[in-house]
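A lone chain, given as C-alpha cells: the form predicted alone.
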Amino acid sequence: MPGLLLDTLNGRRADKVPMWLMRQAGRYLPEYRELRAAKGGFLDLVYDSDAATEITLQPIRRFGFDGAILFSDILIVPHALGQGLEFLAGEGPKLSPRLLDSKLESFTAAPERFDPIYQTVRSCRAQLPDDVTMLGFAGSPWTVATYMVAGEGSRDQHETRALAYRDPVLFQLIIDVITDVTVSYLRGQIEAGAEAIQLFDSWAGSLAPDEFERWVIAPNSAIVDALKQSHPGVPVIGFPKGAGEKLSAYARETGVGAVGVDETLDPLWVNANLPEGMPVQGNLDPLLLLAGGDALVERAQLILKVFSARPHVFNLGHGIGQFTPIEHVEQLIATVRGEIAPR
C-alpha cells in the first residue's frame, strides 16, 4: 500500500502530515560522518551504491521519516554528459572545462555514470518499509546550466545570466541538452523504484520574470510532460527556490503535481496563491531548525495550521544544515506529529 507521503503528493489529505527533510541524509548525522571518514570523498560515496544506500537509509532508521531521498547530487547529470567533476574541501563542486571556454560537442558522454545511481535506488526501495516513499531527484536545467557554464556555483549566477542574454540560441541548446538527459535520468530512477521525483531549481530566484518563464518554467514543463507520458502515476515535486511571487505561475504552468516552498515566502500568501487543492511542501527556515527552542515549535505549528486545508508535506525551505543538533530535529518531528501542545 502507498504510504502517507505518496498519498499526500497524489492530492489526498489525511489527519497526519507526512514529513521528510531536504538533505536529511548528510553531515549533521554522526553515522554519516563516520561512514564518510571510512569511505572517502563525497563523489566516492555517491558512486558507491552500497554506501549511498546506507546513507539514504540512515535518517529513516533514526527518525522514521515518511520519505527517503536518494543520496546523490544534481551534478551527476553534467558528469554523465562528459564534464569533469570534483568536490574540493571548503570550495564546493568544480566542473571542467566550463562551458564559457568550451562547447558541449567537445564532451564525451558517459551515461554509464547513471548506473550506480539506479542501483542505489533499487537497493533502497528493496530495504525500505512499504509505507516509506522512495524519492528520486534531479537538478532543474537552469540550475544545472549555471554550474556547467561557470564551472562552479555563484551567488548571482551572473556569468550564466549574461550568456543567456548575449547568446540565447546557444543557451537554449544547452538547456535542451540538459532537459533531454534529465528526462532519461529520471525515467531510469523511476524504473529502478523511485515513487516520486523532486526537481531542484536552487538558483531560480536570480532570474527576471521573462527569463524565469524561458529558463525555468519552459524546461521544467518539458520534463514534467515527458514523465507524465512515460510514468503518469509518479508525482513530481517542483522546487524553484527563490521564485517569490513567480511561484504561482510556476505552479500553474509547469504541470508539477506539488510545489516546494522556501522559507522566504509567507505561508499565508502561498496558501492563497497556489491552485486550490495542490499539494504544498515546506517551508520551515533551516536556520530556525538550527536554533531550536520555542520559536521552532511555534513556527512549525503555524505552518501546519496555515496549510491544514490542503495536502501538505512538512519540510524545510531548503536543506538541513550540517551543524543542526539532532535534538532539534527530534523536537521538530514531535511537533509535526502532534506530540507537543500548541503554543
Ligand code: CP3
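Residues carry their position along the shown sequence, with the first being 1. Because the structure is predicted, anything quoted here is derived from the model rather than measured.
The protein also exists as the form predicted together with the ligand; that form is not presented, and the subsequent description refers to it.
In summary, among the residues 188, 116, 244, 93, the only one with a non-hydrogen atom within 4.5 Å of the ligand in the predicted complex is 93. In summary, among the residues 75, 178, 149, 207, the only one with a non-hydrogen atom within 4.5 Å of the ligand in the predicted complex is 75. In plain terms, the part of the chain that comes close to the ligand in the predicted complex, with a heavy atom within 4.5 Å, is 85-93 out of 244-252, 105-113, 225-233, 85-93. Highlighted residues 70, 202 and 318: every one comes within 4.5 Å of the ligand in the predicted complex, counting any heavy atom.
In the predicted complex, the ligand sits within 4.5 Å of a heavy atom belonging to residue 24. Although the partner is absent here, residue 63 sits far enough away that none of its heavy atoms falls within 4.5 Å of the ligand in the predicted complex.
Residue contact check for residue 171: none of its heavy atoms lie within 4.5 Å of the ligand in the predicted complex. Among residues of the shown chain, residue 32 is one whose heavy atoms approach the ligand to within 4.5 Å in the predicted complex.
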